[in-house]
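Next up is one chain by itself, shown in structure tokens, the form predicted alone.
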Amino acid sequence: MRDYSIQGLGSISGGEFSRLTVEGMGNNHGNIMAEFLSIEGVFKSTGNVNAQVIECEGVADFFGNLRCKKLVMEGVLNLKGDSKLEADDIVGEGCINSKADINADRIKLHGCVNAKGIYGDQIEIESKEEGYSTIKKFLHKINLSEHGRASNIELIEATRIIITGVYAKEVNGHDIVIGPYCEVEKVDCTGTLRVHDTAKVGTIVGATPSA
């Protein structure tokens, strides 16, 4: 495998890379396998991407499935169509937009997530403007959902869930914290449930909420 860098304008047709870096505007028209993928500019990929580590500090559009061990977010990642995201860990700040499912063992993201479903073991999503830089606040605002929340998710299912500023149709888990300014239509909890007094929760199954 080789190292390759796109600086300025560039295009590739897939391939296997040790380290693939995008520092300008890059396009990919094939499947990618990489140990490390760094996106610091604008990247558009029409193939499937499989990497050990992905760092997204720019804007990336993926029209194929995305699989990685670790995804480090500092920008905006858009999964187009029915493209799915699978990872062991998703961490950082920024926005992930998907019309399909996101599967990750652990998610700890300060930003916004829009997805059909999120499945994992430990999921923590904090969607609020405090602590954001000027550019992060702008990205946060342009990704606001129709419900006025930064994150809009149909289903969140995990063992441990902590959410802030999230709209969700359904949240299923063992230990659940519904934090400030959340709106959840249905919660199914098999363990402990805590609901902040500013959160709005509809139907609750399996647990009695505590402050």
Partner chain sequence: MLISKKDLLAVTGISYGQLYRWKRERLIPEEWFMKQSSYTGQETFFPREQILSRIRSILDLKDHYTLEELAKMLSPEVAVSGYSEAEVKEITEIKEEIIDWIRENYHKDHYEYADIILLVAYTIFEKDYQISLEQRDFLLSNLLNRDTYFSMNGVALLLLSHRSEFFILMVKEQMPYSLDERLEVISKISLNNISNQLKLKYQTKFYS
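Residue numbers count along the first chain shown, from 1. Note that this is a predicted model, so its numbers are computed, not measured.
Form predicted together with its partner chain: not shown, discussed below.
Contact check for 86, 103 and 188: all three have a heavy atom within 4.5 Å of its partner chain in the predicted bound form. Just one of 172, 27, 31, 38 comes within 4.5 Å of its partner chain in the predicted bound form, counting any heavy atom, and that one is 172. Comment: its partner chain is not present in this chain, but in the predicted bound form one of 178, 168, 158, 51 has a heavy atom within 4.5 Å of it, namely 158. Though the partner is left out of this view, residue 67 does reach within 4.5 Å of its partner chain in the predicted bound form, counting heavy atoms only.
With a 4.5 Å cutoff on heavy atoms, residue 1 does not count as touching its partner chain in the predicted bound form; it lies far away.
Although the partner is absent here, residue 74 sits far enough away that none of its heavy atoms falls within 4.5 Å of its partner chain in the predicted bound form. Residue contact with its partner chain in the predicted bound form: residue 111 places no heavy atom within 4.5 Å of it.
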